[in-house]
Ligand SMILES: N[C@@H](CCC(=O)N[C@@H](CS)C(=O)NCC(=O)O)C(=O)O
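Before any questions on binding or motion, here is one chain by itself as structure tokens, the form predicted alone.
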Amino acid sequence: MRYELYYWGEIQGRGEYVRLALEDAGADYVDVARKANGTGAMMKLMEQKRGTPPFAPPFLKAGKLLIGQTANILLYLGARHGLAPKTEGGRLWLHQLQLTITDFVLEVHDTHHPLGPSLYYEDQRAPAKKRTEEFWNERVPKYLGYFEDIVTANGAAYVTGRRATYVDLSLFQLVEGLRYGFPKRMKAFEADIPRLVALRDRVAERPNIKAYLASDRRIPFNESGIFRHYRELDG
């Protein structure tokens, strides 16, 4: 099956978690919005009234299925491509972890847009600085500490054992994104999450991921995405 991924063509954003899964699986897919007239095709699917129209990108077209929401797409891909446990309990546990990652990604976004996405960052600099301090003092230790404890307790290479899952790929993206957005703060914090950093390194060396990261398919981080670097927020 050739998948069609619909997401904004200029940013990594929430679509990157899906891209990483597709790339690691060696799946045949097209990143539609990065093609000519692709954004128009994406908007047309969102505006349709019949069937199962998605609320917002990312969404994935897989045969006759049109699947929205990052965690939901990964739940589907994980079962099809060996990126999730085979048992129902294992798949639900992984989905639960991905939903927790989704919560954290929203908090990352709110460091630079605490008053909402309708305002420019320049219109909310002071609230952003306050929110970022709280984020690093309270939220980062809580979330990343949670995942560090899970990886440590498992005692294996990846979150659920010896085989990588889509959650491992997503945790890789979290570490990469925080390194980009907050290089000084993240450098100081990484001593508290050695297992997550080691997991990030293992994922980066997976053959398909390594090839993807070196290719032009990997959109560079930028200040239009979720992870943004503003020097005044980096301590």
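What you see is a predicted model, and the numbers here were worked out from it, not measured in a lab. Numbering starts at 1 and runs along the sequence shown.
Only in words, not in the display: the form predicted together with the named molecule, which the text now covers.
**Q** Only one of 163-171, 181-189, 56-64, 206-214 gets a heavy atom within 4.5 Å of the named molecule in the predicted bound form; which is it?
**A** Checking each option against the 4.5 Å cut-off leaves 56-64.
**Q** In the predicted bound form, is there a heavy atom of the named molecule that lies within 4.5 Å of any heavy atom of residue 102, even though the partner is absent here?
**A** Yes - in the predicted bound form, heavy atoms of residue 102 and the named molecule come within 4.5 Å of each other.
**Q** Using a 4.5 angstroms cut-off on non-hydrogen atoms, would residue 19 count as touching the named molecule in the predicted bound form?
**A** Although the named molecule is absent here, residue 19 would stay clear of it in the predicted bound form, with no heavy atoms inside 4.5 Å.
**Q** So, residue 6 and the named molecule: in the predicted bound form, are they within 4.5 Å at any heavy atom pair?
**A** Heavy-atom contact with the named molecule at 4.5 Å: absent for residue 6.
**Q** Need the contact residues for 14-36: heavy atom within 4.5 Å of the named molecule in the predicted bound form, sequence order, or none if there are none.
**A** Residue within 4.5 Å: 14, and no other.
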